[in-house]
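One chain follows as structure tokens, the form predicted on its own.
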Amino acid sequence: MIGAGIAGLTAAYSLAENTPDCKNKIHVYEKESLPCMFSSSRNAAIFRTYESDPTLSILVKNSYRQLLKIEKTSGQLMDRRGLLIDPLELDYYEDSFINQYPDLSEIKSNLKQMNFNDGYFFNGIMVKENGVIDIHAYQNFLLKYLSKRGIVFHYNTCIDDIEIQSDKIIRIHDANGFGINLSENDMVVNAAGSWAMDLISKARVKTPPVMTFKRHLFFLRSKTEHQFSNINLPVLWDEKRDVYIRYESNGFLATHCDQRETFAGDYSSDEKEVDRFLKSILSVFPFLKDHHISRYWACLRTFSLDQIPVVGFDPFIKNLFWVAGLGGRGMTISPGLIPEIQKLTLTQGLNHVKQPNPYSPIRFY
């Protein structure tokens, strides 16, 4: 396993659940001293079951089902404050999904108007059971489970090159040039986040188009005591103008959903985005005029060309399995990817048939 972000931990959990005796059989290599140091810890962690894209719509709803299953043993992992979203189009797959799983009727959306001071109101679709993932609680659950199953973590180990022979990876190399040999039945999982495509392209082989984009998040605090101090507001998301806010700690986490292509590991923030953010956020939420920016930072989001995750065996390298391109939705879709990873690795294995699934890398060729 290359990478210990949310993609890598999800993949390790999936494989561990599928393997009766996995002690010392799954090794996770992470370039940092701790897991989830980069994108997995810098995002807003919003959990939403609303999607207009059919593939993502089904995935996020299955993700909610999987999260409920996990919470039975882990305890609560999500703050279900609700999501009030003004969408460009309705989620046409909501009704069919709820008809199939009537026990999940709580994710049924309803029209709602929320009124604020100064005559401002927000119209949208309310999904009560959506909210915010507790990143640390979810991460700790995964790590505790993996540790109990005997998964081996190698921190401060940057895998930056692979060696291929006869369409299989036979060796991986760390940044110091140390080589790790693979056996005939070993599988490599590429969960390297924004480095995922760079890692494979260095070996001069075809790679799925997974690109890295930068987005800025801002934390706003009120200059005075304001009317929201005792209200548990839902996440407010205007998709028409691509702006959302999330109330927390007497302030708001917010973004104008900027997106600029960049390179792996580029977390530098851009001062030019501050004015753009303020202009966008106040045009949608004018009641924030009495707030100031307390701090801001950049997070990375990796997308494939069609913005669908890349999960499955590589069509050209037989023992390479992709878990990449989660596109800023890592915390939302990772639970739903657990059964998908299990299904693909269990039924196909290293002698996989190059049969497309909705997330398969082969769809690009």
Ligand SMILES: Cc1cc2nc3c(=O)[nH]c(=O)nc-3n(C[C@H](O)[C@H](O)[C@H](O)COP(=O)(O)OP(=O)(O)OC[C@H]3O[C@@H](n4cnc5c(N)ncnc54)[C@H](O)[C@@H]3O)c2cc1C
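Source: prediction; values computed, not measured. Numbering starts at 1 and follows the sequence shown.
What comes next is about the form predicted together with the named molecule, which is not displayed.
Stretch-level contact check against the named molecule in the predicted bound form with heavy atoms at 4.5 Å: of 43-51, 310-318, 336-344, 65-73, the positive one is 43-51.
Scanning S269, T157, N140, S222 against the named molecule in the predicted bound form with a 4.5 Å heavy atom cut-off leaves one residue, T157. Of the candidates I281, V127, A191, V210, A191 is the one whose heavy atoms come within 4.5 Å of the named molecule in the predicted bound form; the others do not. Among residues of the shown chain, R215 is one whose heavy atoms approach the named molecule to within 4.5 Å in the predicted bound form. Mapping the unseen interface onto this chain, L59 falls outside it, with no heavy atom inside 4.5 Å of the named molecule in the predicted bound form.
In the predicted bound form, the named molecule lies within 4.5 Å of some heavy atom of E32. The named molecule is not shown here, but in the predicted bound form it comes within 4.5 Å of a heavy atom of L199.
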